[in-house]
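One chain comes next, on its own, written out as structure tokens in the form predicted on its own.
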């Protein structure tokens, strides 16, 4: 079978479905299809944290995703020998991707968007006036443009000539029972106490089959050879009296956004992890949804004008909150995992206002100018103390 579309979106996860929904909200007559390689509900290994800002974006187009969720009211950092906690009511949730992605796809289908699962793409051919997409089942699709929303290992980047990218992270996770030393169940924890690690360990409250558990994991930027994520999580669990052999270990990779790296070419536009997410924290779902929020109107205009060069997609992303956030977090990654780490670990506990600003941004709350000034003041004061120390 062969069919022709304005857009073929390859990948039916958070970024692909968000893009389809936001295109449809602006231009409901756009002819498009979402191709998902696996059958829903399909497992997607992910800690499952979603900042509430993502839901605020979806609310604007009348989309509500209904699946089991743990409501979050606090973020905690273990760093520099201290535990920093910032509380913000309903700042986000933790979900299981096997449930969330399926429920999200149903929202697109309910709006008349064609979503085809169990349809892995095997070949992509870019031609002068169109793109040809072929699938494992023998079906082919012709599109005026395609959207790569198929993540780290997806075919779009490989088949259309994008570089592999340097910023990668290896991640392992597992689900355990609660431990007496855990924070309250409305709190997500990022643990930076291992000083030589480019990354962190985490504890996220979760629900598996209706049972309250804790998703624990280790996030390691780049593969550090013998210092593997598996070794890190094994040590992390052992400190809590939880032997690794008791649990099912899941592993996956992530791609970080890189300044200056191309995220589009004629008739091909990348979103979500295919384009790159925040490498500092690995936060993916909310940013994937936000990619769709930015891409939807942009693609609708491209279809209307018949202009699929996408030469300004990178600058378009940079001009939105998503681009600002990616640049800020990339700068934080470069600063923190450098020779300045010791100083920053001493400074961070003295910058509670700046920490709270980050949590509020995660939650999608408006950032007041007074709070920004206060945070900047705390940073300058902490920096001055560090210079005096030197």
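Numbering follows the first chain given and starts at 1. Treat the numbers as computed from the prediction; the structure is a model and nothing was measured.
There is another form of the same protein, the form predicted in complex with a small molecule; it is not shown, and what comes next is about it.
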Discussion item. Taking any heavy atom pair closer than or equal to 4.5 Å as contact, tell me whether residue 120 reaches the small molecule in the predicted bound form.
Written reply: yes
Discussion item. Is residue 282 near the small molecule? Define near as a heavy atom within 4.5 Å, in the predicted bound form.
Written reply: yes
Worksheet item: Does at least one non-hydrogen atom of residue 42 fall within 4.5 angstroms of the small molecule in the predicted bound form?
Response: yes
Worksheet item: Taking 4.5 angstroms as the cut-off for heavy atoms, does residue 38 touch the small molecule in the predicted bound form?
Response: yes
Fill in: Segment assignment from 307-315, 76-84, 139-147, 271-279: heavy atom within 4.5 Å of the small molecule in the predicted bound form
271-279
Response to the item:
Checking 264, 189, 197, 171 against the small molecule in the predicted bound form, the residue with a non-hydrogen atom inside 4.5 angstroms turns out to be 171
